[in-house]
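Considered here are two forms of the same protein chain, supplied as structure tokens in two stand-alone entries, structure 1 and structure 2.
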Structure 1
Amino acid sequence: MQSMQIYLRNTLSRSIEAFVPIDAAAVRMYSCGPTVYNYAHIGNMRAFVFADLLQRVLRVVGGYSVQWVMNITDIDDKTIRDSAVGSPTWTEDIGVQTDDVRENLRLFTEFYTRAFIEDITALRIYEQSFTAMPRATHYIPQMQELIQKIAEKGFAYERGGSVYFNLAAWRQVEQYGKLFTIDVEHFREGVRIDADEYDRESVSDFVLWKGKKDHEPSWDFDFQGCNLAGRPGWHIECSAMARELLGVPFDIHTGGVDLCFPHHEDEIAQSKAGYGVDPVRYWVHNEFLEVEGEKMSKSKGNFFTLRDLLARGIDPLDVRWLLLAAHYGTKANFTFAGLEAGRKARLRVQEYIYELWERSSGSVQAPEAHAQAAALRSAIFEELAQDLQTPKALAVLFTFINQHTPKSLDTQCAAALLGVLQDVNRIWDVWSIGAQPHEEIPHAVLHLAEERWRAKQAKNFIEADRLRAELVALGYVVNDTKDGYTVERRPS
């Protein structure tokens, strides 16, 4: 298959650019991962499903090999708060708290890291797709080294046991506000901020290293001859891990739009100040998943975790479908009706695949074998190559399906179309390419159907109807035929 030129919206230029990798051998991509202080909600999952979509499109449509790194933030304000002794969110499942605060942090974050990996696996984001999923606490020496470098170049200073980025010095030599236009009046020069998260109105000297506080995890740090025991700020973590695992500059950095400021802006400043290069060529940000016009977030309480949805009997593939259906750069609204409509659309394609399978007697051929199939795949992939236009790609697929019933196709065309759907499924990953499985009808259901048949033969129609209703309640229908009856699952 011919590879296609990929186009991406780069937040740096605020425009869609042709993607050209630094090194043709492999695209290097870094995604800001979860903060593992609780179960991730499906708003967070939008960010990860989007990053997964991007790496699949790069591989399948762009023909690249991809090195994909996604970090696990296992140390920050929230993980420290919630792993502390006496924290109300610590449960027995996590383990027994110890007197060692670093060990508690490790136990706590490992628990939520495992839960996260289970969740993304259910959404078909596979661990094997990552080159690495680095835990921040495993890269403390690299973070310290970067802080030293920034200080040596004159862009960091120590105050009260913590180290801060000197924004005034930096702004003399370099623009701050590359991803985001920052109003000059919002710069609060000489003011220091310790929190990991802050808003656009408080642009100040942000923290690179936080001095040790009582009862908090800490690491020794030999900074200019003094031991500054403490722990890293959130922003330095990603700068150091990306450099260690991918090198700088690398090609693509992803994350939700909320991370543009301050997290990514600070990442650029730190990496450029310490390593001397702009770290990233293409910054690509996903928009929010919203609930009734508001960002889904823990703090607003308007969130669902994947686990919440699975407990309601929702199929994780329908969640994946929903998160892929809207273009990543537009806000998407979460509703149960939307989830249901998406399920119908997904199953409609699945039915089509089953019918094609029957038509082609199970043979799958490369789309190139058939001009119409080859054209369909090109049309779908062209939409994906254009900044991952998933809604347009699906529109092309559905238009085709609506115009071509499997019965109207010859065997070879059906086989080549299966090849198209197999290729599309290398990206969507929500269908099974094969024969419709023959469902085993439970013994109890067959028994009821048999009873109904006998009642009917005996002209006991009231009893026969009652048994039919019982079967319907169980999700089955019986149909009388010329010489007997059939029983099958009721179509959903």
Structure 2
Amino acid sequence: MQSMQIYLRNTLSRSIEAFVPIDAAAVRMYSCGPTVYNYAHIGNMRAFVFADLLQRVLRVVGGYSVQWVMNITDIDDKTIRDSAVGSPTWTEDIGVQTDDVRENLRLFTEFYTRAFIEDITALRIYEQSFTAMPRATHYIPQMQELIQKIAEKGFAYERGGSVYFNLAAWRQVEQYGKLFTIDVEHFREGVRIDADEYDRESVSDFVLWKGKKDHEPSWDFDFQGCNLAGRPGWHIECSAMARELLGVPFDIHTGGVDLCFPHHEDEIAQSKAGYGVDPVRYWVHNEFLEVEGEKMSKSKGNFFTLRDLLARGIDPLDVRWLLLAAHYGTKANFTFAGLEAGRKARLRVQEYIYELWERSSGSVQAPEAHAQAAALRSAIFEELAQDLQTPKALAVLFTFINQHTPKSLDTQCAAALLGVLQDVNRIWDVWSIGAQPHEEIPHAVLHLAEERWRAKQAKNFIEADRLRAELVALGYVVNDTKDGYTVERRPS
């Protein structure tokens, strides 16, 4: 298959650009990963599914090899706060707290790191797709080296045992506000910020290294002849890890739009100040995920982790489908009605695959073997090549499915179309390419399904959701119809 030119919306230029890698042999891509102080919510998951989509399109449509790094933030204000002795966030599942604050931090963050990997695996983001998933605490020497370089060049200073980036000095030589329009009227020269996260009005010197505080983990740091025991600020972590694992400059940096300022803006400043080059060619950001048309918030009762959804019996593949269905650059709206509609659409394609398999007698051919199939794949991939236009790509697919029933196709065409869907599934990864499973559904499963249906009819939706979850755990899904319901093995 001939590779296609990929186009991406670059936040740096605020325009869609043709993607040209620095090294044609491999695209180097860095994604801001989770801060592991709790289970990731579905808004976080949108950023990770988007990054997975991008690296798959680069590989499958663009024909590139990809080096993909996603960091694990295991040291910041939140992980320190919630791993502290007596924290209500600590559970028995994590283990027994010790007298060593660094060991407590390690135990706490490793628990949530494992949970994160389990969650993204359920969404078919595979650990083996990453070149590395570095923990920030494993790269503290590299962070210290970068801070030293920034200070040597006159863009950092020490106050009260902490080291800060001198934004006033930096603004004399470079623009600050390359990704996000900064209101310089709010710039407060000489004012220092210690918090890892702050709002857009807080344009002032940001912390690179935080001085040691009681009952917090710390590392020794020989800074200009003095030992500044402490720990890194959040922003410096990505700059050091990206350079160590990918080099600078590298091709693509992804993350949610909420990271444009201050996190990514600070990354640009400190990386260029220390390493002497702009660190990234293409900054690509995904928009927010809303829930039922509102910003996700625990106080509104619309805050969901992936585990919350799975506990309701929702198939993780339906969550992946929903997160891919909207274009990454637009706000997406998560609704349970949309989730159900997406499930039906996904299964519509799955049924089409089963019918094609039967029509082709189990033969899968390369799409090039048939002109109609080749044209379909080309049309789908052209939409993906144009800034990952997933809605348009799906529209192409469903238009074709609606116009071409498997019974109307000859064997060769059916086999070639299976090849198309196999290629498309290398990106979506929500279908099974093969024959429809034929098996007798166990009586116990049918009984659970019937109990769930009765609970739903009685409007006992909590019990209905519990029984659906039990069915999913057994490997089955129940689909409501206008006349009742059906039960089937969950596609793998």
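For clarity, a rigid core is taken as the largest C-alpha set superposing within 1.5 Å between two forms. All residue numbers here follow the sequence of structure 1, with the first residue given the number 1. All figures in this text were calculated on a predicted structure; none of them were measured in a lab.
Between the two copies of this chain, it is structure 1 that is the form predicted in complex with ligand AMP.
For the motion between structure 1 and structure 2, which is treated as two rigid parts shifting against each other, residue 69 and residue 241 share a part.
Of the two rigid parts of this chain, the smaller turns against the larger by 77 degrees between structure 1 and structure 2, per C-alpha superposition. Structural comparison between structure 1 and structure 2 after rigid-core fitting shows the C-alpha of residue 444 displaced 7.0 Å.
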